[in-house]
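Just one chain follows, in the form predicted on its own, and it is written as structure tokens.
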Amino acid sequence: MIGKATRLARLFRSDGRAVVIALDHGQFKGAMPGLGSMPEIVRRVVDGGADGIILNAGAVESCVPIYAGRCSLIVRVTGASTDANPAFDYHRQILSVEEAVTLGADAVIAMGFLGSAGEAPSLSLMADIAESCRAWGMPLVAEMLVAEPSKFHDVPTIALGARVAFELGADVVKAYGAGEPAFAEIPKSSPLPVLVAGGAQSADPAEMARQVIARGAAGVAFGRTVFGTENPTQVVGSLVKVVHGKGG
């Protein structure tokens, strides 16, 4: 589809890779350190050379002058659950794909859960969103999460999720697993490009990126490992150098 191809080309560079910074945590966790001013953190990551940013719809308008024409926009379309809710997998659709189009999004992102009571409804919703994305020519990023905390970085389960995302009609997978020696099994399980979510905030983002790129990832989608640092611009710059093969 022309619309999807055009939008994906704005997100992924000619090398097929992308550095995406997730700045959507406020809907789940509130005003976290580093996210107090959305225009400020967006400016800092865009100045670092990020290829894309993930935002909730409410943050888009105030940040348009900063990222427009410089960085792709990925809008979250599922959520409706916070850290105050003990049901980690309780997510619902919070934005239509049509509305994401009006916001100027280059892609939308939805959450899928594995191994819990929320699995079936979240995967069913993922399929519905994928259908809407086909109608609107909008790429879908499937963020596949293992619901059981003890298996959050379990490579076989994450690989299953990556394959499921492909089968349900997603275009890109966002998944954990950075730092896992067996990570290469995740990209092998699905033909979709895999953007790797960050690990522990204490880890070196550039080193994590270097490892996952060597193991077949198409890029990174880091959040707290970027906005939680003293110099997000510098951190993003180091990620761009690693992901796009410019040293670092």
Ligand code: 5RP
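Residue numbers here begin at 1 and follow the sequence given. Please read these numbers as outputs of a predicted model, since none were measured by experiment.
Not on display, but discussed next: the form predicted together with the named molecule.
S.K.: Identify which of G34, G49, P193, G223 has a heavy atom within 4.5 Å of the named molecule in the predicted complex; exactly one of them does.
M.R.: Filtering the options by heavy-atom distance leaves G223.
S.K.: Within 4.5 Å of the named molecule in the predicted complex, heavy atoms considered, which of L73, M138, V172, M111?
M.R.: Among L73, M138, V172, M111, a heavy atom within 4.5 Å of the named molecule in the predicted complex occurs only for M111.
S.K.: Within 4.5 Å of the named molecule in the predicted complex, counting heavy atoms only, one of 41-49, 185-193, 214-222, 58-66 shows up; tell me which.
M.R.: So the stretch in question is 214-222.
S.K.: Using heavy atoms and a 4.5 Å limit, would one call P205 a contact residue for the named molecule in the predicted complex?
M.R.: It does not: once the named molecule is placed as it appears in the predicted complex, P205 has no heavy atom within 4.5 Å of it.
S.K.: Would A22 show up as a contact with the named molecule in the predicted complex if we use heavy atoms at 4.5 Å?
M.R.: Contact check for A22: yes, within 4.5 Å of the named molecule in the predicted complex.
S.K.: What are the residues of 118-149, in order along the chain, with a heavy atom within 4.5 Å of the named molecule in the predicted complex?
M.R.: Contacts from 118-149: just E143.
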